[in-house]
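In the block that follows, a single chain appears as structure tokens, in the form predicted on its own.
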Amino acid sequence: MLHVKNITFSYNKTSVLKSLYFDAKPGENIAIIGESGSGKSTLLKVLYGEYDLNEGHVFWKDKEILGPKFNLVVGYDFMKYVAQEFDLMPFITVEENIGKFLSRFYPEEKQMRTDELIKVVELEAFAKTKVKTLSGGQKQRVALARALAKQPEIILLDEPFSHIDNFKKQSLRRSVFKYLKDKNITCLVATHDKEDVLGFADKMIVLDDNKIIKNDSPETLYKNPETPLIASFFGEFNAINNNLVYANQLKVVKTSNLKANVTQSYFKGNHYLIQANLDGNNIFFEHHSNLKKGKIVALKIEV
């Protein structure tokens, strides 16, 4: 169990994290979201012991996580941190990078473990390739596999799929997050991408103004976003009559008190995103077909 108790942290008197409380159970996946500068990456670094706290405590089970004032070497064996910058060895192969810190006394076990992780991050075709020749996304996958090599109890991921091509992201997410669940590894992932959260995270922590404003399941927060920040994370939304309404909750009907003037249509594959003017404000809704500019439509909110 990870216990975060009233932690406060500042950079040179500039407050970054203010009085944060939360827990994470073994095997639980916690997503951390917030705008740029909200403290997501800093929180992961604090949890890893890279910085000293101004106030509060962080515990993994009965072990307190302490910063550089107390540890000559940052980090703990039971915890791994994958940053946005990859600290890899460029002149050796993918499999050598992953197996570098595994015991050489058990070569067969080492090779099996390396092969397993190469499969998890879907790099089988590049096992014998030197890291220096890989793309940024491939290097990110090597960094993920290497962090998992020694079977940590908790892993901290900072935008773990940000460098990876869109066509590869979905299958890779499923593979990595399934592996973490199967191995009962606690995961905290800082992200700006809802696809890293929906379908994978057990809880979602929302940071705003350096504080936690919400800590709940993604489903609960999606259905009851409460603030524009939360709604915007999940997609296009509108503020109508003091309610936050997603674009997919507005439907075109024959008659309604809500009448909007279409100003733009955007093709989105299985639907069109329609921009319209409602009482002088821009709104967005989804529709199965293109709508011409200037068309007046009646809209209904379907929650």
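The structure displayed is predicted, hence computed values, not measured ones. Throughout, we count residues from 1 along the sequence that is shown.
What comes next is about the form predicted together with a small molecule, which does not appear here.
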Q) With the partner removed from view, which of 259-267, 55-63, 30-38, 243-251 is the stretch that lies within 4.5 Å of the small molecule in the predicted bound form, judged by heavy atom distances? A) 30-38
(Q) When the contact criterion is heavy atoms within 4.5 Å, does Phe237 count as touching the small molecule in the predicted bound form? (A) no
(Q) Tyr21 versus the small molecule, in the predicted bound form: is there a non-hydrogen atom within 4.5 Å? (A) no
Q.
When the contact criterion is heavy atoms within 4.5 Å, does Tyr48 count as touching the small molecule in the predicted bound form?
A. no
Q.
So, Leu291 and the small molecule: in the predicted bound form, are they within 4.5 Å at any heavy atom pair?
A. no
